[in-house]
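The chain below stands alone and is given in structure tokens; this is the form predicted on its own.
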Amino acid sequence: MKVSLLFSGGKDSSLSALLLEPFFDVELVTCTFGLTEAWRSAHEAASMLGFAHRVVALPHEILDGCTAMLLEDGFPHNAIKFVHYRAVEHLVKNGAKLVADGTRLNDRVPKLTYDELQSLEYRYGSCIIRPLMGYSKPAVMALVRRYFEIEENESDMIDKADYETEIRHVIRERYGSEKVRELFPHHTQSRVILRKR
């Protein structure tokens, strides 16, 4: 069975791919609005990991809705969750029967609620899998150290293909770099650079 795993090239989605690998034909999927070529870093990571990869274009109205939400809230959590929900919905609406993501047990963003997941599953006859939901951050990090070499840096300083990259890009283009700094808290993100054998 094929599972479409939302993939940024970071440690969580990469570890999810490894956990799914024994049971499914894993296809890594990076969603983009086409504003940057950030998807290329995910493609490189997917190739290095040994998985098929495809890029899916999301409708721009999702980006517009997310941007409006971000500006109203003044904080990115709801906006990123909104994009994640719509990305999962886009995949299941377009025929994906099994969709997975890399959300962990103690993630706050972009973790979808049980009701949101159940609604998507019932409406589209799909299954949504979250292989890391039983793993806390320390457990994930122990597995990451065992199976990967990663690069970590401030979010704006690392090549990655997550939703935040293009959201930051559009805010920077429309409102300037200061607005990006105002809306997005400093945090560290990762990119997988090697799968240990």
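Numbers follow the displayed sequence, beginning with 1. Here the structure is a predicted model, which is why all the values come from computation and not from measurement.
Only in words, not in the display: the form predicted together with another copy of the chain, which the text now covers.
Within this chain, M133 lines the site of another copy of the chain in the model of the complex, having a heavy atom no more than 4.5 Å away. Contact annotation: F51 falls outside 4.5 Å of another copy of the chain in the model of the complex, judged by heavy atom distances. In the model of the complex, another copy of the chain lies farther than 4.5 Å from every heavy atom of N78.
Contact annotation: S119 falls outside 4.5 Å of another copy of the chain in the model of the complex, judged by heavy atom distances.
The candidate stretches are 27 to 35, 167 to 175, 141 to 149, 57 to 65, and the one lying within 4.5 Å of another copy of the chain in the model of the complex by heavy atoms is 141 to 149. Residues of 1 to 30 that come within 4.5 Å of another copy of the chain in the model of the complex, judged by any heavy atom, are M1, L18, L19, L20, P22, F23, F24 in sequence order.
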